[in-house]
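Both blocks below hold the same protein chain, though in two forms, and each is given as structure tokens: structure 1 and structure 2.
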Structure 1
């Protein structure tokens, strides 16, 4: 009879794989155990917390023989905090883990052969220092068990706050800013918001820094329209930390765990701070979406630009464009760029950012990519936008909508550049795009979210075509041949 596993069982297991969420996986007589805080190669003692028929979640009781990849986490809150999943793993092992995860998805879900995927891989780009890379931090404010006012992070899966004003992924200056705010609150007896009762004032502190300009924005998220002595707090903060260029108050009166409310008011200084990526300047307001790791973002976008192979004449669509970050990168090298994004405020930012940089060849549309693109494709007036040279997509985790993929295939751009934050949906979409018309030419991972399980990937697809008969005779590269034929067609 098969052995039955139950809650409370203590077992010895060797971890030999890792789940997408960063849980170590080990097998005990074929029964899978998912264990938090373990590293591939660890031999450990674990205790079952929740048992299912074929697998269980278990708690790490003791590492008997540590993996050669195991390191001591830099942050003493690594185990309790829900933020980083891979702190006990060496950074080299982390990069390998991420690249393998993407590779396996391309093979398993994309249907590509391992040999092919390996042959077109460009090595993962990691950071020199995988810490202090975040330009944005959102600290919840509350009370610890003894009733002390604290700022920190939610413990994994709960809303208990672990007091920590110096998260290792964020900037060192965050600590100074938070401690200044906490001491002001204590002195003025300003309360923190309590999720259980809905009472109290300060909910979160959001801090953002433009790395290239050094400008800092502090946004207080408050369960009210104003804060007592708010101007006094501003003058203390700006005196202590001169890099602060903007202080805002966002009112969130709702009983919700969505962090920000709809109303934002400037308390001191400017409404936005600025940052620069490879010479393109961006205005960032308290609520705008902006990539959190600017160093890796710049590298990733340069690669996307490289894959787009622009010469200055091309027409390009940038789908899921956000505030136009990739669009403006592309516009400097393209004939015309069309950006599409679902959030109207982001498009307003994109237009403003285009103006700020004197970029005139970018046009932006609000709407769903899967609706805007077919509308253009089916509208005879949009003739010049029908056959773009390049389409770039950077969708959220759920990937591209099928209608969007279908229209991209109809539009037949020469190249498609796909930037993805979820390799499972990337692989699923590539299977559709590469079924007939497109060929996967290259792929590369960029570690944007060091010490967490998330990973960005950028891939390049070229329009496929059956080799023409005279291809061998003229002896030129297939792509060049195709380009010549195209320009012949155009000049006819």
Structure 2
């Protein structure tokens, strides 16, 4: 008779694997246990918090014998905070974990053979110093149990704020800015927003920094159209921190977990700040998408440019282009670049960034990639745009839309360069792209999000090839894939 496990059971287990989310995995008589804050090799005492038939989630009670990969986290809030899942793991082990995570997704979800994936892999690119790399941070503002104003980050899987104005992933200057704002709020009796009641004023503080310029933007997200004594706050902030070049106010009146609202106005200074990547300058507004790790971004984009193999004549589509960062990298080596992005402000920034750098061969369109691409594909007047030599795609975590993938396959570019922040959706999309027309030629990971479970990957696909036997295990086309996904949804 199989042993039944239940909530409250205390067990000893050795961690021998990790989940994609960074949970340690161990087995007790074949029963799988997922344990937060553990590292492969740890021998632990754990307590079951939620038991299922074949597995359970457990709380780490004690590390009996620590793993050789275990280190002391830099941040005292690392265990409670939901942001840095891997601070207790050595950085070398973290890089290995991330590369294996991507590799396993390409094999398990993409259907590629392990032998082939290993043969085309380029080594993961880590950082010399995996802290203080974020150029953007969003701090919720609230109250602690004693009713004191606090800024910090949400505890894992909750919206309880852990007071911490000095995150080790963010810049040191953030602490000074936050404490200045909190001090002003206390003095002027400005309230913090309460998610439970929908009352209160200040919801979040967004801080951005241009690493190459040192320029700082502060954006106050409020549950109103204005902030009491906002000009007085601007005066204090800019006097205390001269690097601040822009202070904005964003109105978010909705009862939602989405941080920013649709309306932003400048309280002081410029509407944008500037940064530079490999000689290309960018203007960044409050709502712009701009990679949060500029050191790794420059390396990543250089690899994307390398995979694109441009000679100066090519026509290129850049899908999900944001403020034009990849587009302008490519435009210096391409004949013509077309960028697509759904956020109008980002496209306005992209056009301004092209002008700022004197780049004339980049054109930008507002809209969803899955809608803009078919529009040009079905337009006989867009012949030059219809058959690009290269498509570069950098989608959000959910990956590419069905129509976007189908139109890419119809357009048949010679090369596709796919930049991904989620290797599971990357693998799913590669299975479709590589089912018939494309060959996965190379892939490489970049540790864009050090000390977290997230990882950036760039891959190169070439058109027209003969598949070797061990190239791919499974192949389905886009229509079959989405038909299967729809049937799965209906059966849930």
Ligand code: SAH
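Positions refer to the first chain, counted from 1. Everything quoted here is computed from the prediction, not taken from an experiment. Take the two forms, find the largest set of C-alpha atoms that superpose within 1.5 Å, and that set is the rigid core.
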Which of the two shown structures is the form predicted together with this ligand: 1
After a core superposition, would you say residue 438 shifts its C-alpha by at least 2 Å between the two structures? yes
Per-residue C-alpha change between the two structures, residue 112, threshold 2 Å, rigid core fit: yes
Taking 2 Å as the cut-off, check whether the CA of residue 427 shifts that much or more between the two structures after a rigid core fit. yes
Following rigid core superposition, Cα shift of residue 348 between the two structures in Å: 2.6
Core superposition result - C-alpha of residue 403, shift between the two structures, Å: 4.3
